[in-house]
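Provided below as structure tokens are two forms of one protein chain, presented individually as structure 1 and structure 2.
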Structure 1
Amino acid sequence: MGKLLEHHSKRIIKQHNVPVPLNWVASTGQEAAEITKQFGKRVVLKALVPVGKRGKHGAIQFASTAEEAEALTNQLLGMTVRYFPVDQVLVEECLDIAEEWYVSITLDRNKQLPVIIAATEGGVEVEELVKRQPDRIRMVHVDPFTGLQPYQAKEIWSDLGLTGKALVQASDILFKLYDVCVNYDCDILEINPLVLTRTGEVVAAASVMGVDDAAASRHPELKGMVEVGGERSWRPLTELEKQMVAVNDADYRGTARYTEMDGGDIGFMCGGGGGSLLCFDALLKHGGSPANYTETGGNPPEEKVYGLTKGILSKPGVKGLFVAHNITNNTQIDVMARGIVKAIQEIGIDPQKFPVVVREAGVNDEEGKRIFEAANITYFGDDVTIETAARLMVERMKEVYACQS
């Protein structure tokens, strides 16, 4: 899931007639001051980062004057919120709040259905509210084929005690939000808080919208608003990670996901999914320290394997390469071998001084073995287990670097 920045999600829900506060984006303190001056009323300043809990991290501030807005914006622009540097600040109309509510639409993975969570207490973490005041919260599952019916939206808020104009407005907003959620393949659409103002209007004061990466091709209009691949990371992608996304995207065949570790000295290319987890555990168990984590699978072409190998080895501090897959069902080992060997030879690595250990068994592995061994690479097939191969990799590192030091 890629999260949209708040101004993007607000624009989308506003297009669907959900009321949102007036808002502008500022990239400098001066811009924020100018906006505040022109608006002429108190504003909220929010760090534009794709993560929640901004209030807790001091990334939401209030300003009454242009000078205040400038100073606070400059302060926000110097921050990093949960690994995300703040490049822009959302300047928003400050609402006159009477009540704060909560509403979200997401998928209940256990029940395998869309679920609406609504509460007449907002601005808080919903996980906490569930524990503390379960009577002030409603969780309603929706039939994915028939969708949310207007009466269901109404019942949710009525059960929570709303009535009159507020009930009608909140129900209408929820109905529209569900529509947005389905139409844009949202993984989550959360409004926290949904605000009742002192003048009796219901307004979406803060929004979080995450879009399912797998559905990206259905929503060309969201291009540029969602960072694909960002859903797999707790921090912004590093430069090398972005390069590897490009290597992967250059050809649709085979999959590769690259994640950089802090430190480590073993470049690591491993089987997609489960096999990679097992390999990583096994390296750690034997005292190894992976520098990165590259899951590859399917049938990547030689060019992709070559590009990935070069990327893996280009991370500073990498002093060895471990390539290990589980016995594959369909990946061609000879193609993998050609890509890896080409990269190693081009960089000028001598496997005598820079350990390269491979454990690959599967389609065309006889030919793969020949290619690896011709390049002096330590090769194992289905004669050893993954754990044994990991142990031998770590031993090889110790051997080579003990000799050299």
Structure 2
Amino acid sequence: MGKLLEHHSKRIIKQHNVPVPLNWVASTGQEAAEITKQFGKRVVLKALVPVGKRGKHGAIQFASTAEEAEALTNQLLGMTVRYFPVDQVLVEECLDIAEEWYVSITLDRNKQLPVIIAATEGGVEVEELVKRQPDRIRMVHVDPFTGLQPYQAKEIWSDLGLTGKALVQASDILFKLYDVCVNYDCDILEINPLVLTRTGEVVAAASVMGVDDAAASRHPELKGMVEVGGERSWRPLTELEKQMVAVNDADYRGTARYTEMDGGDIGFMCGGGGGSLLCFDALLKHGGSPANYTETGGNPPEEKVYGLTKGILSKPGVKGLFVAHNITNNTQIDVMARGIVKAIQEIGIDPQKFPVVVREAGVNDEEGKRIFEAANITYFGDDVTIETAARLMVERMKEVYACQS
């Protein structure tokens, strides 16, 4: 799931006639001051980062004057919120709020159904509200074949005690949000808070929108709004991680997920679900230090394996390569071998001076073995366990670099 920054998500729901506050984006304090001066009213300043709980981190501020807006924006631009540096600030109309509510649409993975969560208390963590005041919250599953019906949207808010104009507006907004959620393949669409202003208008004051990045090809209109692969990271993707996402996306066949580690000197390509973690743990157990974690599977083509291998080896400090899959995977070993060997030879790596250890078994492994061994790469089949292969990889690193020193 790739999260959209708030101004992008608000633009989308506004296009579907969901009311949102007036908002602008500022990259400097001076820009925020100019916006505030021209708007002429009190504004909210929000750090534009793809993570929640910004208020708890002091990343949401209020300004009444252009001078305040400039100073507070400069302060926000100097922050890092949950590992994400603040590059831009959302300058937003400050609403006169009478009540705050909560609404989200997400997927219940246990029931395999969309679920709507609504509450008449907003600006809170919904998990806490469920524990504290379950009577103020409604959870309703939606039949994906019939979709949300207008009467169902009205029942949800009516059960929570809304009446009159507020009930009509909130129901209409929920119906439109569900439509957005389905049409954009959202994993989550959360409005927190959905507010009732003192003039009686219902407005989406803050929004979070996450899109299933596997469906990105269906939404060219979201290009530039969603960072594919970002859903798997608790921090901004590194440049190399972004490059590896591009390598993966260049061909639909096979999958690859690359994560960079702090430090480390062993490039690491693995696969096989739990087998990947077993490989990783085995390296650590025997004193190895993985520089990255690249899980591959689903029969990636030779060019994808080649691109991944080059990426793995390009990280500064990598002095060896360990490749291991669970033997129950169905990846073609000969295809993997051609991709890995092509990358190693193109870079000019000599396996006698740069340890490369492979432990693979499965489809076409005899041909894979021939290709690896012809390139002077240490190859093990299923006669050697993953843990033993990891130990031998670590020993090979010590042996080679002891000799070189």
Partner chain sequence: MSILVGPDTRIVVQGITGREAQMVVKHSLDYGTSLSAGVTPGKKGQSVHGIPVYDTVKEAVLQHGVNTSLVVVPPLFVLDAVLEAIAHGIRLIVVTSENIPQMDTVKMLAAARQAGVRIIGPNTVGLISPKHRIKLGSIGGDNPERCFVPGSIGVISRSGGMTAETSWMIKRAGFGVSTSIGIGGDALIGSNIAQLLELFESDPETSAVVTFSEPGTAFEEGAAEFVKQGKFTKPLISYIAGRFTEQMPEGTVFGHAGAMISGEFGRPSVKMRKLREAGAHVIDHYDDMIDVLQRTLRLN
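All residue numbers here follow the sequence of structure 1, with the first residue given the number 1. We call the rigid core the largest set of C-alpha positions that still match within 1.5 Å between the two forms. In this text the structure is predicted, and so the values were computed from the model without any measurement.
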Inset, instruction - Report the structure number, 1 or 2, for the form predicted together with its partner chain. - result: 1
Legend entry - H286: Cα shift of 2 Å or greater between the two structures (core-aligned): yes
Legend entry - Threshold 2 Å Cα movement between the two structures for P351, core superposed: yes
Legend entry - Threshold 2 Å Cα movement between the two structures for M397, core superposed: yes
Legend entry - Per-residue Cα shift, D265, between the two structures [Å; core superposed]: 3.3
